[in-house]
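Shown next as structure tokens: one chain only, the form predicted on its own.
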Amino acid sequence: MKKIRFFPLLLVFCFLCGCQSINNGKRIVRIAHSQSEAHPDHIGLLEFEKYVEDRLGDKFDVQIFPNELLGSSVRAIELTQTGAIDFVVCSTGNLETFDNIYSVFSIPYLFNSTSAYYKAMEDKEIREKLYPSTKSSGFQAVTWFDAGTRNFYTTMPISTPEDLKGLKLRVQQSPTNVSMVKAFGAAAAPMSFGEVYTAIQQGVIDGAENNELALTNNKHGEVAKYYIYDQHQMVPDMLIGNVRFLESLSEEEREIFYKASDIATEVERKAWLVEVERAKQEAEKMGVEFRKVDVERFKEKVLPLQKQLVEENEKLRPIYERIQEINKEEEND
């Protein structure tokens, strides 16, 4: 894959300390993410790179850094705040600490269907509330990527919500996700995504929650053999950009970068559907058992939390109510 930079440690350190961001007279645009080169996020970003460089290649050199090469998601967000990185793909859970409006996506069973989820993420009213919410922190969202449906996967079989009681499960570093796991009777273990494989392997945790791609792209299926479809969340990834960089662009340049973002989302979503099916087939060969469960029983455990989260954070109410409208619209279609 084109322009994936694997620097020696010394050069990475130099870069993080603020090395020159010019290459042959072009402004280097650095994009970081935590996934592998085969992941749909990366595939979408390659199209972002192509679109920008086809139109502004005399001015910008877009470089993509996968696999947490520039640090964990939390660290990469911090670097995007300072401008050391221009864009980073991160979960909404990581963004909660900068503005708790993003905790709306951590509300369990927020969306009634995948179609409602897609429609909500393209909804102008919702985007206008979300995207600029973190500008005071030095970055803002420019688009979203599909991250599928999040489910639990563990080292032992799970059939009911009661089976989760007492287990230690990795969650994103999000207060809402911690509360959700506790509502299921399990112990939450917030940690970097890159630490999960070893933590399961060594018995530090009993499992995690994520989409199917984590089983194969990150090899979690080697250490966790049971994946249950409890469907507790549909959580997007967000592509965020440094505010100073975005505001430094001319109107024409900014339009091209935002169009590139929209194209990246379109490509990523198509790649996602293909990759999920591939991941399931590959995971089954690894010995992973996919188990269907009674979703309503799991949902009942956390519905009080859904109500509590909205009541505690008035900022969520307009978005939550708009999503409920979309849920009803999709049910009636």
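Counting begins at 1, following the sequence as shown. Keep in mind that this is a model prediction, so the values were computed, not measured.
Below, we turn to the form predicted in complex with a small molecule, even though it does not appear here.
Highlighted residues Q35, F193 and N211: every one comes within 4.5 Å of the small molecule in the predicted complex, counting any heavy atom.
Comparing 142-150, 197-205, 160-168, 256-264 against the small molecule in the predicted complex, the single stretch with non-hydrogen atoms within 4.5 angstroms of it is 142-150. Looking at D86, you'd find every heavy atom of it more than 4.5 angstroms from the small molecule in the predicted complex. At the 4.5 Å threshold, heavy atoms of N94 reach the small molecule in the predicted complex. Using a 4.5 angstroms threshold between heavy atoms, Q172 counts as touching the small molecule in the predicted complex.
The closest non-hydrogen atom of C90 lies within 4.5 Å of the small molecule in the predicted complex. Between the small molecule and the residues T216, S73, T154, T80, the one pair within 4.5 Å by heavy atoms in the predicted complex involves S73.
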